[in-house]
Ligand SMILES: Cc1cc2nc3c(=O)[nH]c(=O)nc-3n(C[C@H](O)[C@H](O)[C@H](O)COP(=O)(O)OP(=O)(O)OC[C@H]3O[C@@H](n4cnc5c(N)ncnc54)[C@H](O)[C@@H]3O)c2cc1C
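As a starting point, one isolated chain is supplied in structure tokens, in the form predicted alone.
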């Protein structure tokens, strides 16, 4: 039986492995770290005495690749769907709270404003979003919507940072359109937020490993690849620090690693992709603390914090496109974020509870117009070498959905190649 050798056990590598195994291919995964999941994982934090995710994520009803993936591994019941779709926001500068409630069809009933102070948003303002789909490859979101447009600070910039990890001033209009086309413009069901209340690894990663191992796939942890051996435009071997693997003529190799690692192993790729950080701050709290509106999550305007998630005794804050704060000392950063939490949740406690700061300094590529031309296709100039990752040319932003889609695309190419 032909073997698919997958370098990297992040979501892209795991989704590729899942599809290849279902196509009756032998699968071997090589992972440099002691655990799977890459940037989408959980671990038990002894300081907090809680299971925490390295970063908070929300799925949406329109994330069809991810929902299909969850169905395959049998963990679709481990996510909490919020229905009807609702996205709560708070502007901490004026304490104005509102909710975006996408309707089943286009209408003017988008906002449920509790304080009646929201800017007047008309249907034509939302229809202007259609211009994103007509944008050229070099157009940013700000090129279409000025910063003075009423949707810019309260919808477009938050969405760009959340979905593209890039501020609207730099974000690709076409990439934002791809996101909106699969969610907002498909109606309420496609916009329903889905929360990982059990954690990322228990929901996405652990069930995948169990599924793969039941099908005889091998997952080799702490196995860092040093070099790929090429000959006559084919991969002939994989060189590790303590072993070498020969690649048989009808085998395939998939690089499901970050772009800088991919460039080291396959220099011909010559990648020049800028990356941007994401910062997450986790606090252990008591159960009496709630978010405004008693929501599971909350979007924020006018603050350093962008999104707050609350799960039992864990309160997590996410800051995307976090260049301005990623170099701050952790203690100073935790105090700054806790000061905002105090105000938002009406807590009289100046000293932060136990906390953990997680900085992903290269969380995603910068999803700018330049990035559209820099994202590579899954095929390479090497006959049996393929690439997977949310940073590849999937047509989607670099998210969980993009990661899984990239693995599926790579798997389809591999299956065709090694029939």
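Positions refer to the first chain, counted from 1. Note that this is a predicted model, so its numbers are computed, not measured.
Although it is not shown, the form predicted together with the ligand is what the next lines describe.
Looking at residue 360, you'd find a heavy atom of it within 4.5 angstroms of the ligand in the model of the complex. At the 4.5 Å threshold, heavy atoms of residue 334 stay clear of the ligand in the model of the complex, well away from it. For residue 280, a non-hydrogen atom is located within 4.5 Å of the ligand in the model of the complex, even though that partner is not displayed. Not displayed here, the ligand is kept clear of residue 62 by more than 4.5 Å at the level of heavy atoms in the model of the complex. Of the residues given (82, 265, 169, 79), 265 alone sits with a heavy atom within 4.5 Å of the ligand in the model of the complex. Residue-level contacts in the model of the complex: of 182, 303, 96, 223, one residue has a heavy atom within 4.5 Å of the ligand, and it is 223. Contact check for 86, 299 and 310: none of the three has a heavy atom within 4.5 Å of the ligand in the model of the complex. The chain is drawn here without the ligand; in the model of the complex, the stretch among 249-257, 87-95, 267-275, 138-146 whose residues come within 4.5 Å of it by any heavy atom is 249-257. No residues of 324-359 lie near the ligand in the model of the complex, the criterion being any heavy atom within 4.5 Å.
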